[in-house]
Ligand code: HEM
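There is one chain below, alone, in structure tokens, taken in the form predicted on its own.
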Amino acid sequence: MSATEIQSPRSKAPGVGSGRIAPQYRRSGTSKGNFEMLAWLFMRLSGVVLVVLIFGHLTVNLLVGEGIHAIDFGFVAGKWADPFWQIWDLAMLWLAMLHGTNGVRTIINDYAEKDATRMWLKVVLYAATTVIIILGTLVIFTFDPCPVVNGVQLPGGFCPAP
């Protein structure tokens, strides 16, 4: 190697003979193909959409009407009575969870050195993401603002009389 030739930073382990790859840069398995490129693209696109969704959410909840003083059970019940806001909040939930999961997956890939550790961290991550997405979706679509418990309608302030 000449004095002007710059060696690739991951081509050799420091102080190790020529041609050997440092252990921390070895990964078992085959190439992931276009998955990482698609994941990168998803992060950029979902980030832009999330900015619109979040600022719309904050504007409606904090600036329109009475602002923060109007947010209570009745406000959420009235908002989720409209399918538009159900879809808006669902898109925000799904995109935020998938965006965050992809970011944490990248961190796991970068910092977990052992294949087994990486695999188990991702299993826990994907399981938590799945549970939160399912529960959040169920809450949005099965929300009942006027539940009846033992024949009594709760809460009584804004629900029509039976």
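A residue's number is simply how far along the shown sequence it sits, counting from 1. Just so it is clear, the model here is predicted, and its values are computed rather than measured.
Here the subject shifts to the form predicted in complex with protoporphyrin IX containing FE (HEM), a form of this protein not shown in this document.
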* With the partner absent here, would 43, 51 and 54 each sit within 4.5 Å of protoporphyrin IX containing FE (HEM) in the predicted complex, counting heavy atoms only? -> yes
* Of 63 to 71, 133 to 141, 115 to 123, 94 to 102, which is the one stretch near protoporphyrin IX containing FE (HEM) in the predicted complex, taking non-hydrogen atoms within 4.5 angstroms as near? -> 94 to 102
* Asked: Does protoporphyrin IX containing FE (HEM) come within 4.5 Å of any heavy atom of residue 107 in the predicted complex?
  -> yes
* Residues within 4.5 Å of protoporphyrin IX containing FE (HEM) in the predicted complex, restricted to 113 to 150 and counted by heavy atom -> none
